[in-house]
Structures are given as C-alpha cells and as structure tokens.
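Before any questions on binding or motion, here is one chain by itself as structure tokens, the form predicted alone.
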C-alpha cells in the first residue's frame, strides 16, 4: 500500500524566529521534520515568526512569515501563572493565518508549548496535531494537555515516555522521539579532545555542574548555546577561573557539529525533566559519547555503558568518575545508535504514521499506539 501525499500546515514556536536560538531544541525539531516529511513526498506550509529561515528550499515547501511580539516561554514562569498573551503577540496571528488556510490542508501540526493552539483543537474542524515539547511546566498547561489527551488522544504525541508521564492521559501515549538530518553530522574518530557542553544558557540547564567537573579535572570546557540568562552566565564566570569556560556561542549546525565532534565527551546536566535531549543526539551523531543526569528524556537516549553514561541528578562526583571512564565507550556505538533511532528519516516516518492513524480514525478515543 502506498501512503497518500498529505498537505500539511506546520506552525512554528512563537517564542522566537527560526534561527534565533530562542526556541532551543524545538527549532531543530521543526527543521529536521520538515525535511524528512518532504523526502517522504508531503507538501508543507510552514507558518512561522518573521525572520525565520530554513537551510534548504523545495517545491513542496511554502513559508509564510508573520510579524508580532514573541510569546513568553513557560519555562520562565511560575507553575501557577495564568496564560499571558502580550499586546501585538505573534501567537494569535500565527493561528489566524492557520484558520484562514486550514481548508487547503489535511492537518495542522503545532509545535508551540502554549495554551491557545491546544484550546483551538476543541473548536476547529481541521485536525490539529500537537507535538508536546516539554513536561508539565505549568498547572494550566498540564490541564489543557491532559484534556486534549482525553478528548483527542490520537492528535497528541510526545518525544519520550518519561515526558508523557507528566500528564493525565486516557490512552497509552504516542511517542515519536525526534530526528536529525544525517547529512549534517559527520562522524569524528578523535578520542582525545576537550569536554563539551551545549544548550540554552539558563539555570534549568545546570551548566555550573559541568563547569565544576572541568574545574576539578583542571580542563577547559567548551560551551555552545544561546545566552538566555546573562546574569547566570556572569555568575558562572565569577565563581570559576575564566580560563575554564570557553564560550563558543550559538552556531549554525554545520559549524556546531564540526566543533562538537572534536570533543571526547559531552556533559549534559539538566536541573529539570528534559522532554528529550537534542544535544545528546547531536553529539552521538558525531560519535561523541554523552555523560548525562538520568533526569527525563536522557534516560531513554543513553544506553549506559554503550553510548555514554547515566549519572544520578546533581551527583558531581558521579560525573567526574564517568568522565574518567569515557574512553571505555566506542565512538562508533554512538553513531550507530543515531543512525538506527534518530535520523530525520526515521523521525518523519514515525510522525507520518501518527498522522495517518489520527486522520483515518473515525473515533480517536480508542486509538492505541
């Protein structure tokens, strides 16, 4: 059986334009999935904030850019905070555009971790599918995601099982993982490089723990990522010797992967439940083993002793011990894991299967994945 071509509307994150780095891993997810879906023959309309760019073009791709004020991230609000929509916000404007052209498509995929598109699912005839990018960061978000999970279970998907457990779901969760373009990441055999860390520079990412490891081992730590919290970054510089941290900034994928591939290990030190862990997979795509806290998504990505090591959260001594043992991990194991489980082709096929099931199901309440 040959699956039919789908006409899909993909709605980007409203907290920053694609390429800004503000959207963190969601930006990589969107770009990788678009390319994967196009390779499968589907037509895509991407609706995204003004300034967004993709690193490729296609006859099957149309981009519509919408001007407006960035939406505040739920990561930086209290769990009990209400829904906030700024004046001239880009979020409702994105969805006004969706509603205007919805009849031209088979389905909409939402990447925003925000209340409005989830609520619209209840009142719009077009099927809106949601790839949830975070755990339960607020009470009102937990409530609406759990409600959609009860009403339309086939239209809700998660990156990992651990992430999905934050919500009250009627059915078994649909897990699609994530994926990355294999052509963008090159295997590096080097086993003797520096230590690395990558992610948004913000307290919940726990950079200071990785710096403590480098400081204890008297090594330099290469740090990549968008500095979201400048005060936090300055605090780290003031606590440790300046020569310990080497800030590399937020780089395009081609430059990032080339530098990352030279590392002998990537440290991943989140202080919150990671929904997935994009930088973990990017590192493994380059052959770089990962040492991570077993908190959230990383626990489903790292096979302890095979492609890296898992350490108890906040266990600095555990990180140091694992770093000293990193030569035991074969770098080829990391690349092999990536090619089998996390390329954009594999990811797009999982998402495609999710969409077909959701679109063909007359009663989505009894969908089992």
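It should be emphasised that the depicted structure is a prediction, and the values quoted were computed from it without experimental measurement. Numbering follows the first chain given and starts at 1.
Not on display, but discussed next: the form predicted in complex with a small molecule.
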Open item on the list: Taking any heavy atom pair closer than or equal to 4.5 Å as contact, tell me whether residue 90 reaches the small molecule in the predicted complex.
Closed with: no
Open item on the list: Would you classify residue 345 as touching the small molecule in the predicted complex, given a 4.5 Å non-hydrogen atom cut-off?
Closed with: no
Open item on the list: Whether residue 269 contacts the small molecule in the predicted complex should be assessed with a 4.5 Å heavy atom distance threshold; does it?
Closed with: no
Open item on the list: I'd like to know whether residue 22 contacts the small molecule in the predicted complex, with contact meaning heavy atoms within 4.5 angstroms.
Closed with: yes
Task: Position in contact with the small molecule when the complex is considered in the predicted complex, options 26, 37, 48, 334, heavy atoms within 4.5 Å - done: 26
Task: the small molecule: the contacting residue among 146, 138, 73, 105 in the predicted complex [heavy atom, 4.5 Å] - done: 73
Task: Answer range among 106-114, 92-100, 214-222, 286-294 for contact with the small molecule, defined in the predicted complex as heavy atoms within 4.5 Å - done: 106-114
